[in-house]
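Given as structure tokens, the chain that follows is alone and in the form predicted alone.
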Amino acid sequence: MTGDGNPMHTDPRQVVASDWPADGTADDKLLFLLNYAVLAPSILNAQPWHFAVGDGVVELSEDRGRRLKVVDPEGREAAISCGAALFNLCVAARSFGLAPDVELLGEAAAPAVARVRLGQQSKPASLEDRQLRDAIPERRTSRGGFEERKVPREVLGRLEHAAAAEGARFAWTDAVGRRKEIAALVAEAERAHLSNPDYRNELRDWLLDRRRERHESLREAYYRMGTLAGRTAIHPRGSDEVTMEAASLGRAFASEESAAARLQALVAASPVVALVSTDHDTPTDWLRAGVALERVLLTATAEGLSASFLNAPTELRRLRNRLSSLLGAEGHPQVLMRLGYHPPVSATPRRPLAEVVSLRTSSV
């Protein structure tokens, strides 16, 4: 990994399996594994997690200072984000021959959500776990249009199995008519969100906070994002170099009708629209949804697929039942996404471990 030699200061995206500290302490190994954990997707790339490491144990908590209070008032999407990071940590541990013992802490322990202790596996790591680990740095969120080729049914079946393995469901459709109906529902949700000035203001403030986090001047941020004039939530094919921050700022200033229309067209043209759902809708279920989501996404990545999230309908309770009905899904909808084939896109930034990890000396 690149950096100054301190594992807390390296770029997590430079993690290389061959750097595994086989002879290191349990805490050394946990710090290495957290480079994989923080490559998980998160709501608007907020990275709302914190890890406390000590005595061979890591405690995962939601960093509530990074919760988007208008977009995600209950913390549902923050919990899903933390669940995705938890899966990355665990699958990476298994891939190096360790047996993570995971304790989900429940709502009473909030903001802490899970505790993981490392143990030694009695058998070698599976090929599947190594493949999923290797997919972690390759996974991207693709915001543009997908290629027109269909996704094979056997691949979608593997995604169903991936969700089921983590106690969730994966419902999908590739039918043109049904995709158009879902696209209309997504557009309805987008209009509702963008008509709320508090929602727009939170998107704008989120962008400015991330700029300060990177110590960029406004000029540097604007240059990196490209010209902001005319940006909206959705960008046409070929514009994936536009960062997530630019997309978010565009949503803050675009007319709701313009943003919704572009989004509707993009969803309708996507080869597959899919939904991850859970039997119940508690904070622990949100965490489990994130675990299942990341297993689905890494399986998709290993199959050459790209994904893009469609959060708006799941953020409005009045639309969630309609969404489930359109996809014939049981349970509570948690994450809606588009799936298809797309050339590789650039990665979004990640904070170094020094910003998301604290070291402690006492036992849990």
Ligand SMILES: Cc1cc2nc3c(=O)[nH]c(=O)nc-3n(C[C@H](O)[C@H](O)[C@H](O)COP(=O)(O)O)c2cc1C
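Don't overthink the numbering: it's just position in the shown sequence, from 1. The structure displayed is predicted, hence computed values, not measured ones.
The same protein also exists as the form predicted together with this ligand; that form is not shown, yet it is the one meant from here on.
Shown without its partner, this chain lists 284, 141, 131, 173 as candidates; in the predicted complex, only 141 has a non-hydrogen atom within 4.5 angstroms of this ligand. Interface residue among 323, 43, 31, 305, judged by heavy atoms within 4.5 Å of this ligand in the predicted complex: 43.
With the partner omitted here, the stretch from 75-83, 274-282, 104-112, 91-99 that lies within 4.5 Å of this ligand by heavy atoms in the predicted complex is 75-83. Although the partner is absent here, residue 301 lies well away from this ligand in the predicted complex, with no heavy atom inside 4.5 Å.
In the predicted complex, at least one heavy atom of residue 350 sits within 4.5 Å of a heavy atom of this ligand. Taking non-hydrogen atoms only, residue 61 never approaches this ligand to within 4.5 angstroms in the predicted complex.
At least one heavy atom of residue 310 is located within 4.5 Å of this ligand in the predicted complex. Using a 4.5 Å cut-off on any heavy atom, the one residue of 12-36 that reaches this ligand in the predicted complex is 13.
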